[in-house]
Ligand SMILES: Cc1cc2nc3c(=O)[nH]c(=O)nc-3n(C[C@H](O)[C@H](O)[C@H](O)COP(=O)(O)OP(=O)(O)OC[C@H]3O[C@@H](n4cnc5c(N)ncnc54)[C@H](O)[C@@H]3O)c2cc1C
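So this first bit is one chain, no partners, the form predicted on its own, shown in structure tokens.
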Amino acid sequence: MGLLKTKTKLTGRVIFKGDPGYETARKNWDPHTNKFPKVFVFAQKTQDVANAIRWGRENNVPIRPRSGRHSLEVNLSQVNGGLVIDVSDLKTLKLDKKKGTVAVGTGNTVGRIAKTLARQGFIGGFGDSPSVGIGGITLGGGIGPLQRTIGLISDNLLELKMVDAKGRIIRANKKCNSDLYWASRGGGGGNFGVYTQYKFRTIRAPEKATVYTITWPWDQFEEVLKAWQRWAPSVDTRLGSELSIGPKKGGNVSMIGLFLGSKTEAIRLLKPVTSVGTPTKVIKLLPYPEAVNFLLPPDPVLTQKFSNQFSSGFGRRPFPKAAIKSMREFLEKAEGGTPAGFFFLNWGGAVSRVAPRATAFYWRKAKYYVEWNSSWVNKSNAARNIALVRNTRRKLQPYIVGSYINVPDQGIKNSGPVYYGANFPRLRRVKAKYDPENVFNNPQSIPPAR
């Protein structure tokens, strides 16, 4: 390696290709990462990020930010011969109980924040996995079972700290760099700069909450889905519900979630779905911290053995017969014994009370969120599974709108308006202001406005 002529020195924990620890640094949640960066910088403070960006620019090395390593699409946070700025070591967490705010380093996981806050009597938003980084989930919107009560995770963002393409440390909130603040609530990670800190508002948690897991045999999925899609969008907004339908080979139907209220009331509210088919029910009232633990059981951080292809969208009305037929075909073809299938999350409540243009997250008016994925172990099965997911997207296109940037699908052509709806042109203008030379880019990143 020739000597790099540079004014700036890399600081933090620096791992070059060939150094011990390089292979571990390269691993992502999805095992089919196949990029070989020149260097990883594990920032220990914001200044390390600034130095890395300057070093990358001076040496003409492409830059990719990486937060929780949880990207559901391959190769978005790594690039051959590039510099990966990894912010996972920035783990500060400070709760201000009087103000009801919490400041967190971007290296915190959703699980760590939600569980720490719960023990202190506060609510932190989460999705369906504790090992996801707070950075990625926030910037892309941040959906999950509490959203109908507290809004998206990004709806609770008050302020952020970001390093821009020139290595300058910027703060953004409602009053200062308000355009960047707007874009950072749903505009996706890896677009505008490298974020190092977030400040959220947080509200008091109830003493107790009701959690539930209901399961049905696979062949009852159609009637359960129909009942769920009629019921979920308009049920009490203190109730969050995730419905998962596994593959025909070895899969079942399961609904999990929580209700911020009593068990008696939860049982009554769940009735329209639990009265369908032959469910097995677990419904229990738990102290709030235990309810969070119940919904965020430990999951594989690195590396799970399955490769995945995901796709996602938002439903405006219940799936008609034709959509359910396409679902069934997908579930019959997906490999057995792998984590594959359909996942639905109910929408509405606090999410829909925010106008589509008030933040970068556009898809506010849906009735539910839907994603589906197929997974495989042997490389030889990759093409078939990827095609299965993408063909299913084509068939479901008439029944969904948009797509969720945190569940990206690189098969989507001209993805900007699909991820960001009518907010895409404004996001391009914000991009042009903070990163005019498109230093922060990936295969589906936001291009600067001309």
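Keep in mind that what you see is a predicted model, and the values were worked out from it rather than measured. Counting begins at 1, following the sequence as shown.
Just so you know, the form predicted together with this ligand exists too; it's not on screen, but the next bit is about it.
The shortest heavy atom separation between His70 and this ligand in the model of the complex is within 4.5 Å. Taking non-hydrogen atoms only, Tyr195 approaches this ligand to within 4.5 angstroms in the model of the complex. At the 4.5 Å threshold, heavy atoms of Asn346 stay clear of this ligand in the model of the complex, well away from it.
Residue contact with this ligand in the model of the complex: Asp299 places a heavy atom within 4.5 Å of it.
With this ligand left out of view, the stretch that reaches within 4.5 Å of it through heavy atoms in the model of the complex is, among 378-386, 416-424, 54-62, 402-410, 402-410. Taken together, the three residues Ser77, Gly136 and Ile143 all come within 4.5 Å of this ligand in the model of the complex, as judged by their closest heavy atom. Of the residues given (Ala232, Ala340, Val87, Val253), Val87 alone sits with a heavy atom within 4.5 Å of this ligand in the model of the complex. This chain is displayed alone, yet in the model of the complex one of Gly257, Gly127, Gly167, Gly151 has a heavy atom within 4.5 Å of this ligand; that residue is Gly127. Contacts to this ligand in the model of the complex (heavy atom within 4.5 Å) from stretch 417-446: Asn442 only.
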